[in-house]
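Here we start with a single chain on its own, the form predicted alone, put down as structure tokens.
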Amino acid sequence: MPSTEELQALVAANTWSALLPEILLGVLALALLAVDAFAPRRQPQTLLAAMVGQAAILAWLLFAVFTAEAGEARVYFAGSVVQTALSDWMRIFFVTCSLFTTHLALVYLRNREYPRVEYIHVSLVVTASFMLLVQSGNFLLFFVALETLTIGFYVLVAFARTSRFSLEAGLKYLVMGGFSSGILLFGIALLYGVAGNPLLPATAVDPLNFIELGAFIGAVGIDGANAAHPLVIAGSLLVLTGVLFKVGAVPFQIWVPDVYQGAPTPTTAALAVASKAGGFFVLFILLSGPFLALESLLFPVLAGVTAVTLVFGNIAPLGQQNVKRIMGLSGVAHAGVLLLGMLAAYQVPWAFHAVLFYLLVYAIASFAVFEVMAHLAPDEDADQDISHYRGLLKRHPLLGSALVIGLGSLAGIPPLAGFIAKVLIFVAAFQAGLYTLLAVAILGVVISIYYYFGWMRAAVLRELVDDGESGREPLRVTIPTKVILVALALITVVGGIFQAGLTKLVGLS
């Protein structure tokens, strides 16, 4: 039991400035509610201030990262917070995603009678939680951050309270999310109990700490290695189950199509991009940290999950006409490709940087597609059919072009950036000797072209039949939206031809 002096010294050593971006996001979220409560007529200025605030935090993070000297990991709060170059990159990624989500929300909520400030408030809290999650150094902060953002998503998924689709999606996500959280917590409890067992070698003083837990699992005693202990195996598998649920890997993807369809389009975008990125970064932290000694056990398990995820994720969207379900189910396929990169990282050091590059390119293409979806969504956001996009390129060239480029990148069509991202993952898998999984992944890419091209064909070739089939006419496209769409499209095209800038950003060159 630490003494009072030791506890005081520990508190005095806490460096809150290390978490200043997250604190500022929290303050900004609370300030939005306060201003809206006391000056509701100034809501447009309040929402503009929210975007300016996020942009300022993003600029601060970019300046801090590009001016910082390369060094070892920075540890704060008695090992609870661990900051590395990769976690700094992910913090920038999440703030950027928050900016895009905020803009999508303003487009989505423009003609709908839902509270705008409250949506942005919850979105900012979720963003700060993501940023804390990727800096977790122990399971305590890990679980608190994960549950905070999960509860935020419960609210955001069911935010369209007059839509039965949104309410149904919120209920399904609540039930499945609560189930996965229980599994995750049970796994953490098992690891905590066995790592604190004084009868086993290298007993951890703090069993929740990733470094101490990794040292415990990797230790070997008279009775054998701790990695072979049944409770260690059970606990690690349960923890990974909880994480795989967040990324939508098979067989934990059952919630994906219904939740993606029913949730408001900005929420769907955040789930597709930010949630997937956070899940895979956490998976990397666990596999390269506390669970590193369990490679012989976890590798075949993850290989099996990767194979079925690739197969299901590319076959399931084939018969779909609802574009939000297509994005959800195809997102499962992308999770399979990312899992392939994670497996390759066991043997190929640069493979995880290829995963980060894939996440960056996937985010750019996805936000371009979701931006178009937000503008063409009918009054019932869940009813977004491929037929609504007929003749889009002729009706609105900018929206149509952005959609085609975004979908082409997601499909991995050269010379777009998505093609380069897939090639990097496949090269890493080849160097790691994952030939069977590589063949399945390549076959999946071929299959995915069918459902992506069906959507693209509707936008490029087919003319409108009538207003009833086409849905609501596109909302007005503001100048900021035009700038965003042009920027995303240009990055996707240029990044596929001259990818040096993007690869350098994630440490590949």
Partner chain sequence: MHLPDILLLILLAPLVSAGLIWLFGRRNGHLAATLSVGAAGIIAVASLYLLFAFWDGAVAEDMAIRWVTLGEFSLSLGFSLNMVSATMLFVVGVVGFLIHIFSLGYMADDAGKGRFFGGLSIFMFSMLGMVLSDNLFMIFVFWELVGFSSYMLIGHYMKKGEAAEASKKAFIVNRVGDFGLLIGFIIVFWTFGTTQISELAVAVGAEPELLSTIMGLLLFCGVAGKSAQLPLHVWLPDAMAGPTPISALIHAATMAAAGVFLVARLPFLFTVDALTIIAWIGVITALSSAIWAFAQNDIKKILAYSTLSQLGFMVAGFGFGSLYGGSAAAIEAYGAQAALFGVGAALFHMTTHAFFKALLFLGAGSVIHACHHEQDIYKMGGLLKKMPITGITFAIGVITIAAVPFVASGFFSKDAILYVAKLVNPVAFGLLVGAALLTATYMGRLFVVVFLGKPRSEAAEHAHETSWVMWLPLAVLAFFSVFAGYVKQFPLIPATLHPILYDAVPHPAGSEHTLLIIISAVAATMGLLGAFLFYRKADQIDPLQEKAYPLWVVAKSRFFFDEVYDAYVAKVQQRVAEVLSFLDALLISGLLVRGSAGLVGVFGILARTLHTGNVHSYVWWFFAGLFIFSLYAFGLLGG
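All of these numbers come straight from a predicted model, not from anything done at the bench. Numbering follows the first chain given and starts at 1.
A second form of this protein, the form predicted together with its partner chain, is not displayed here; the remarks below concern that form.
Listed stretches are 370 to 378, 247 to 255, 210 to 218, 121 to 129; the contact stretch with its partner chain in the predicted complex is 247 to 255, by a heavy atom cutoff of 4.5 Å. Only one of the listed residues (K172, R74, H396, R112) places a non-hydrogen atom within 4.5 angstroms of its partner chain in the predicted complex, and that residue is K172. In summary, among the residues L99, M176, V117, A307, the only one with a non-hydrogen atom within 4.5 Å of its partner chain in the predicted complex is M176. Taking non-hydrogen atoms only, P230 approaches its partner chain to within 4.5 angstroms in the predicted complex. Although the partner is absent here, Q347 sits far enough away that none of its heavy atoms falls within 4.5 Å of its partner chain in the predicted complex. Contact between S296 and its partner chain in the predicted complex is found at the 4.5 Å heavy atom cutoff. Within 4.5 Å of some heavy atom of its partner chain in the predicted complex lies at least one heavy atom of P300. The candidate spot formed by S180, L329 and F498 is fully in contact with its partner chain in the predicted complex: every one of the three has a heavy atom within 4.5 Å. In the predicted complex, its partner chain lies within 4.5 angstroms of at least one heavy atom of each of the following residues of 311 to 341: F312, I315, A316, L318, G319, Q320, R325, L329, in sequence order.
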